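Shown below, as structure tokens, is a lone chain in the form predicted on its own; questions about how it binds or moves come after it.
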Amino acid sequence: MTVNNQVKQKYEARARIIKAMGHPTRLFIVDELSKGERCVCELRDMIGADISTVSKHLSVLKQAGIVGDEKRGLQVWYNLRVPCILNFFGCVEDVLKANVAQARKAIT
């Protein structure tokens, strides 16, 4: 069975979004933005990295369509474009719990 081009493009698009989430700092940023919008300077202070590193992470999330931004004066404020991305976190937590349960079961 071969995968047609439309189906392939759909999975590639999904992979880009998942890949954008595939870094601990970016997961932290998404989690922080779930609490409300943040400016780059706030995120920089929370993460403890230089502004260019934080900006790069935000750029990856923005290109994937996960975050949006709004320039206000000299600052850029970021927010979650689609808050349902947080459902992904819940699913990840369920997998982690299942893994722990499986590991405990294997020990006993």
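Heads up: residue numbers just count along the shown sequence, starting at 1. Since this is a predicted model, take the numbers as computed values, not measurements.
What comes next is about the form predicted together with a further copy of the same chain, which does not appear here.
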{"item": "Output flag, Leu27, Ile85 and Val92 jointly within 4.5 Å of a further copy of the same chain in the model of the complex, heavy atom basis", "value": "yes"}
{"item": "Contact test in the model of the complex: Ile47 vs a further copy of the same chain, heavy atoms, 4.5 Å", "value": "yes"}
{"item": "Contact label in the model of the complex: Asn5 to a further copy of the same chain, heavy atom within 4.5 Å", "value": "no"}
{"item": "is_contact(Asp31, a further copy of the same chain) in the model of the complex, heavy atom dist at most 4.5 Å", "value": "yes"}
{"item": "Ala64: touches a further copy of the same chain in the model of the complex, heavy atom cutoff 4.5 angstroms", "value": "yes"}
{"item": "In the model of the complex: members of 13 to 31 within 4.5 Å of a further copy of the same chain, any heavy atom", "value": "Ala13, Arg14, Ala15, Ile17, Ile18, Lys19, Met21, Gly22, His23, Pro24, Leu27, Phe28, Asp31"}
